[in-house]
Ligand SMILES: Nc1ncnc2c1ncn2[C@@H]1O[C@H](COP(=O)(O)OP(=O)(O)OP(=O)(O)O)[C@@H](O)[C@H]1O
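Okay, so here's just one chain, in structure tokens, the form predicted on its own.
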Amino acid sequence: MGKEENILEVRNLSVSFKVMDQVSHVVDGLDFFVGRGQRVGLVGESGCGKTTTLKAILNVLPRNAIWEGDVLFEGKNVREMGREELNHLRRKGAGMIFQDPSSALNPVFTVGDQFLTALRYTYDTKVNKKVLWQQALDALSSVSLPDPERIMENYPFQLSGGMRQRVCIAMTIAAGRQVLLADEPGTALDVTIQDQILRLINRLVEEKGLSVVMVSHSLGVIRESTSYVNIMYAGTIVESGVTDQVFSHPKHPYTKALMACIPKLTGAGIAEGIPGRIPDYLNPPAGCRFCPRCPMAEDICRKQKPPRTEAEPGHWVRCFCAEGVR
């Protein structure tokens, strides 16, 4: 996909946090892109920097964050945007769907109050309340919520988890945003409702031409919900490519290890975890961050960071020892 077709590009993004008198190096040299109408996955273990990456895209990192690199939205650098441009990005450009809808909605205000407040934020001028109310009803209907009028009068605690998540999605799409940043939107829900939410997001992508960055630690969710995937480990994308290609022919030792962790439906053997743990971000390895856990590690892996290499057409990997690199 050509760069002119990309709505979002992340280039050499690094994010660190000041912790007391030390610095925690969480995200390290991230590169990925999102095309218009494309569903892109960002998958990895908990604590690998996925949510931090989404916050960097919206430029809502905390004050103790130190970040380098570029985040380009429609060709404009988010890091260099003034207040007006940032407000426009958050109002009309990209919106975030959080993994826990209970914490995303205020329990002491009705859904209608919160929905209208969110919609007013997206406009630069005052808009008639009736217009906003109808816009909210249309958005709730588009996410398959029955009786939108009743939903607007309800408090969040009166709705189920799946309904609250649909409300959050409706708030995000009502303003006509172009990119959805979905931070594990089904994690707090049971598997049947999770499947409904993922199908809903896929339908909205097709109907409205939205672009989606789907963050998850579930390989199954990513495989079913994305067309392009980035495998992330300890703040670094170690492998990326077309989803089916990466899952069918994984190159990086970490990707292979993740695939081996998936339980077999045939019951043939017990899935094993990956030995070791993610590195200490206060003192990360000098070379490849996966090196301490990698069964294929060599001396060069401990000393140098592997470059991003195209192992086969459209299939990229950061590894000195990966298949197709040697």
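Residues carry their position along the shown sequence, with the first being 1. Here the structure is a predicted model, which means the values were calculated and not measured.
Not pictured, yet referred to below: the form predicted in complex with this ligand.
- Heavy atoms of residue 38 never reach within 4.5 Å of this ligand in the predicted complex, leaving it off the interface.
- Looking at residue 46, you'd find a heavy atom of it within 4.5 angstroms of this ligand in the predicted complex.
- Residue contact with this ligand in the predicted complex: residue 62 places a heavy atom within 4.5 Å of it.
- Among heavy atoms of residue 293, none comes within 4.5 Å of this ligand in the predicted complex.
- Site annotation in the predicted complex: the residue of 99, 202, 227, 245 reaching within 4.5 Å of this ligand with a heavy atom is 99.
- Between the options 26, 30, 34, 58, the residue in contact with this ligand in the predicted complex by a heavy atom within 4.5 angstroms is 26.
- Shown alone, this chain has one stretch from 293 to 301, 253 to 261, 66 to 74, 38 to 46 that lies within 4.5 Å of this ligand in the predicted complex by heavy atoms: 38 to 46.
- Against this ligand in the predicted complex, the set 233, 308 and 320 makes no contact: no member has a heavy atom within 4.5 Å.
- Along 203 to 220, a single residue, 217, places a heavy atom within 4.5 Å of this ligand in the predicted complex.
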